[in-house]
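Heads up, the chain below is alone and in the form predicted alone; it's given as structure tokens.
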Amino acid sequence: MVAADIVWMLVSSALVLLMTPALAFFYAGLVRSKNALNTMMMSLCSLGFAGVAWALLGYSLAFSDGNGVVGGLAHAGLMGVDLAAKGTIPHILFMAYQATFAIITAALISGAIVERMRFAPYLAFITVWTLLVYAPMVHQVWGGGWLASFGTLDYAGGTVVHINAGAAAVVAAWWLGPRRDHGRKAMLPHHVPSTVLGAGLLWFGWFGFNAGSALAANNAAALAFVNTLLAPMATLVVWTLVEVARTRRATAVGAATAIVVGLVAITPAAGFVPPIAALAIGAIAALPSHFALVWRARSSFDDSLDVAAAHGLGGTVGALLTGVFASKAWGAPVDGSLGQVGIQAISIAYTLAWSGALSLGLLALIGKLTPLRASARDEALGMDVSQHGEEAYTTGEGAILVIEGSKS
């Protein structure tokens, strides 16, 4: 084992773990104040529910020997996950680093269904989703499964994390239906500074997400680090220019969203492309995601916080462009080519189908056991009070609504 690699992976694991509370701030600022705590809890509780599921069974399904689709049970209950070397770091550290990925991936889905999904079925969904959808996808791409053999390039999670979560988010938003005020009232962000703070912390944590995926303190980590720095910069520039051209205003929400889109887009390519390509990927990714957000705002489809546009579409663009810009000279196993773009496209389509179909089935099953959707009264009251019995801001408004509701 190599001491420098151990130190870097300890730091990277902590950085990726930070991304989940960062996501909580990012999402919470975008919702109405009566739903801020519930939105944060949907991210924070992934730290427990998805994390424990990963340790007990998910890690084994992802990284034990199995077939082309899913791993076996050799590491169930962390059997055999000890201080022995896995590469140049302890096996337990590799498991912990991968756990932070499972946690943030499950939490991403919540952005599509905030302000209307009941908390208990949400927890059931992300726990089982981690085991049945996420862990097998990890195995297929990073654990020696069929997508790895097929030649899919995914350095740090374009398909595994972002397209996977984006597909689940679309299905969940469609299955639940729109918020009751959607299209009738303006549902504006209640605290944009929280969203900006969340975006900044996400960018900080993302250095561990991408550069940590080298699993060592080496040149690949340095390249992924620099590309993670550059791509969001380019996205931010293009997004801002597009906003100014369209509306003559550059918004803080737009800037925060642009940073996330750039981070998502560079994730599959981070250790495979030269820095100039990272700038190109970030710049190109801004356009489809921006206009997808514009379209969604005018449609009846209620992906509350635009998970599909930022993560699903951002990940798709990044995965395709990985096939264009991959370079052996910069660490990729193959050079970019039309054939590699085709492999990336097939992998994307498969991931969408895999996650979409299984997520839909899981939602339908949980919905048979307990209502997924909050009642009209609870949604009007706000998910903070109705699901958690507390308020983000102690104005007393929630208590007044409870009293008024009990009288009616």
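Position 1 is the first residue in the sequence shown; the rest follow in order. All values reported here derive from a predicted model rather than from experimental measurement.
Note that the form predicted in complex with another copy of the chain isn't included here; everything after this is about it.
Peer 1: I'd like to know whether residue 337 contacts another copy of the chain in the predicted complex, with contact meaning heavy atoms within 4.5 angstroms.
Peer 2: No - in the predicted complex, heavy atoms of residue 337 and another copy of the chain never come within 4.5 Å of each other.
Peer 1: Just to confirm, residue 180 within 4.5 Å of another copy of the chain in the predicted complex by heavy atoms?
Peer 2: So residue 180 does not count as contacting another copy of the chain.
Peer 1: Does residue 203 reach another copy of the chain in the predicted complex if we count a contact as any heavy atom within 4.5 Å?
Peer 2: Residue 203: contacts another copy of the chain in the predicted complex.
Peer 1: Contact with another copy of the chain in the predicted complex for residue 226, defined as at least one heavy atom pair within 4.5 Å: yes or no?
Peer 2: Output for residue 226 is yes: heavy atoms within 4.5 Å of another copy of the chain.
Peer 1: Name the single residue among 176, 253, 124, 131 that comes within 4.5 Å of another copy of the chain in the predicted complex, judging by heavy atoms.
Peer 2: After the contact test, the surviving option is 253.
Peer 1: Which of these stretches, 268 to 276, 139 to 147, 312 to 320, 160 to 168, has heavy atoms within 4.5 Å of another copy of the chain in the predicted complex?
Peer 2: Flagged stretch: 268 to 276.
Peer 1: Pick out the residues of 175 to 208 whose heavy atoms come within 4.5 Å of another copy of the chain in the predicted complex.
Peer 2: In sequence order, 183, 184, 185, 186, 188, 189, 190, 191, 192, 193, 196, 197, 200, 201, 203, 204, 207 come within 4.5 Å of the partner.
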